[in-house]
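There is one chain below, alone, in structure tokens, taken in the form predicted alone.
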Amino acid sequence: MVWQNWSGRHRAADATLLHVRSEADAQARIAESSGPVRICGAGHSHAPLVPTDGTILDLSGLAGVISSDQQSRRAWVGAASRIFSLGRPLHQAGLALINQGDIDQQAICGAVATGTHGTGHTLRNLSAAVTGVRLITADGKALTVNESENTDLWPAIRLHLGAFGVITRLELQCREAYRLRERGWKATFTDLEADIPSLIEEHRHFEFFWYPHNDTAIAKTIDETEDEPEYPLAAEGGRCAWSYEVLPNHRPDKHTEMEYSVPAAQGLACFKAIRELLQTRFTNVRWPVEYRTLAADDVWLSSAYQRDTVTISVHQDVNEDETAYYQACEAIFLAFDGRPHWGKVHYLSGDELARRHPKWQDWWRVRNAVDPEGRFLNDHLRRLRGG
């Protein structure tokens, strides 16, 4: 079988693809494999994190809400649970994810592995919500990792890139179930610009997609509400319902994506430089630029590590060559002290990443101690490591 990611851009034709449905099976698969081992979720990464000529473990059998605790508002979930599949079971337990992105098709472990996030200047990424991990290491040991157990691992493994071993389940900090009301509108960027700081500050969520061909933004705010859910759900921009029904959106068009996180105070200036690039050099690009916010956290490889953040994403059709466009965007992002999203396109070396992530060397030190032979690295991660 040939593994490929969601867009079809990344493929692994020479890998052995195996399905895992239990922790014991994962241990046995690791023991019997002789080469590199990578783990696949839903394949939504735009970066080549999965392809290998060794073994790919498909964990889709390890899914669902395993247990929940209303007092602590925490839940253990199977690593391969699709985010959309968690909404209803958590709701039935009186809980909800604190935040999520506008795509809910990813496996939760893959989203955590890459620092995936939603928007909201007081809200952190999914990795920061992890409170516990169940890990199968290269030597077959099963470890529970959290703040009080295996503490050397803890600060590194919450954003893990699939490089520590096989994670079979996660414990997530949730909150009580809540309802949201969404409001969307169109505006020229000129009309929207002056209001962006107040829109960020006054709403739980704010984001916009800017379309270069007509200089128009589709903006959106989302706020908590006590209003009763309104069914059938309205189109995006007009929904009122439970959080898991309002936050995700349908994004079926196949594309590639680059996203960088820049210090929040520089977000608008960086966006305006990208806007000028599209208006002067890449006038044929029709795909939008996305603008979101993200609160600072303490996750070692998070793009928001120790700084409030604006994330800016650029997109291109999967059948187009995005290289020149993305390289030009990346030069701008780097000029604004940007950090790349781990699940999206970037062209940085390990040395360049080390200059942007204060805990880069610490993360690799911890990772290498758990997997000294590099069993859970592929060519992409070895290149980032520098060996």
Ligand SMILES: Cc1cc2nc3c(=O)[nH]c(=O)nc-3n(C[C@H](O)[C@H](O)[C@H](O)COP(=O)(O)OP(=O)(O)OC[C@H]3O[C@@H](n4cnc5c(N)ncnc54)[C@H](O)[C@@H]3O)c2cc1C
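Since this is a predicted model, take the numbers as computed values, not measurements. Note that residue numbering begins at 1 and tracks the sequence as displayed.
Separately, the form predicted together with the named molecule exists; it is not shown, and the next lines address it.
- Remark: of stretches 159-167, 233-241, 183-191, 138-146, the one touching the named molecule in the predicted bound form is 159-167 (heavy atom within 4.5 Å).
- For the options 40, 30, 332, 345, the one in contact with the named molecule in the predicted bound form, meaning a heavy atom within 4.5 Å, is 40.
- By the criterion of a heavy atom within 4.5 Å, residue 121 is excluded from the residues contacting the named molecule in the predicted bound form.
- The named molecule in the predicted bound form comes within 4.5 Å of no heavy atom belonging to residue 317.
- Looking at residue 309, you'd find every heavy atom of it more than 4.5 angstroms from the named molecule in the predicted bound form.
- With a 4.5 Å cutoff on heavy atoms, residue 103 counts as touching the named molecule in the predicted bound form.
- Applying a 4.5 Å heavy atom cutoff to the named molecule in the predicted bound form picks out 101, 102, 103, 106, 107, 109, 110, 111, 113 from 94-113, in order along the sequence.
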